[in-house]
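Shown next as structure tokens: one chain only, the form predicted on its own.
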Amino acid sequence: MDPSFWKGRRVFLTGHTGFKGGWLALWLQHLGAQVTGFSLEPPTRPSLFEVALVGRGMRSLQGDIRDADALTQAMKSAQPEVVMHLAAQALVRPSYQDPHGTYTTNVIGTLNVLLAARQAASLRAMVVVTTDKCYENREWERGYREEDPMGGHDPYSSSKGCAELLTASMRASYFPPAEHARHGVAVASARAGNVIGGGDWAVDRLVPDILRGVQATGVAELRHPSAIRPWQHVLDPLAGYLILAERLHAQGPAFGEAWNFGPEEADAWSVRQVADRVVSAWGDGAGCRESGGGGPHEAHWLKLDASKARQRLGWRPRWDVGQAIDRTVAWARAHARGGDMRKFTLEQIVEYGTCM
């Protein structure tokens, strides 16, 4: 990543009040970008957006990506050079409870962002963020590659597969790579796995659930301890998104396609392994136990093949899963002590950057 690229760069970021969006907004601020955020209110209380004062160094707009008119006006006003689309309904289990809201946010909302981008004459690069769950999951042991078919057993996963197909269609229709010299815009999608990091209070995400359990009772409940996931610190895929945006801006259609950003093979840990590392890092006699499972379908095995990003973008993960967990627990400890969480979060971003 070239930090000088971002200094003074106008960036329009959807979902900046969320967990990943909050980290990305702070990173962009640290790099000197002029950030305009467009998002609903923070999805949790507390939230990274509030405790790390994310909105302090940017223009923060409250809005719903399903509101096409408001979104278009915000985009036209910001006149961004780069759009990073992270706003989403991002959880599997709530998607069963509200499939309509999940599809309208993740599909129609993404359509609205892509159409609004057509109104920004200054735009040069756009990254649409989806998920590893966009693939048709066949429980393969090999990692899913960008050319594998889209799918999705649950409404959330299916909605993200739809968002990928939509992005590809809109790129071909309105930003065709062969006509880049005319329109000047390059569009890519980015898929990442299970991210962890400080400031995530979402329900039904493993590490936040474990931390809630150990802080409340000293014991974390595990639904599916044998399920295996690719775990990575939130800064790893965010670094990939930033690198990808730089390449889109500089080289256009050569990078306007789908990209995976997944951890190393060794970082596909079971839920039990992650839980054991979290409670060990937390200390204070914390433990975990199996709760008996239950609930709707959840994939047992899912991982990405990110070899294309490694080879063509020069991206690779910087922190292994153990380091990612330790830094997540350190963040939670600092927050519990009443620390300055904007300062602490920026310090972790700087620490990560020194590894690059």
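The numbering used is simple: start at 1 and walk along the sequence shown. The shown structure was predicted, so the numbers you read here are calculated from the model rather than taken from an experiment.
Keep in mind that the form predicted together with a small molecule is missing from the display, and what follows is about it.
Is every one of 9, 36 and 78 in contact with the small molecule in the model of the complex, taking contact as a heavy atom within 4.5 Å?
Not a single listed residue reaches the small molecule in the model of the complex, so no.
Which of these residues, 195, 278, 188, 92, gets a heavy atom within 4.5 Å of the small molecule in the model of the complex?
Of the listed residues, the single hit is 195.
Which of these residues, 43, 55, 322, 287, gets a heavy atom within 4.5 Å of the small molecule in the model of the complex?
Checked against the cut-off, the match is 43.
At 4.5 Å between heavy atoms, is residue 305 in contact with the small molecule in the model of the complex?
Residue 305: no contact with the small molecule in the model of the complex.
Contact test in the model of the complex: residue 86 vs the small molecule, heavy atoms, 4.5 Å:
Contact check for residue 86: yes, within 4.5 Å of the small molecule in the model of the complex.
Do residue 260 and the small molecule come within 4.5 Å of each other in the model of the complex, heavy atoms counted?
Outside the cut-off, so no.
Would you classify residue 205 as touching the small molecule in the model of the complex, given a 4.5 Å non-hydrogen atom cut-off?
Answer yes; at least one heavy atom of residue 205 falls within 4.5 Å of the small molecule in the model of the complex.
Where does the small molecule sit in the model of the complex: which of 28-36, 310-318, 56-64, 324-332, heavy atoms within 4.5 Å?
Looking at the other structure, the answer is 56-64.
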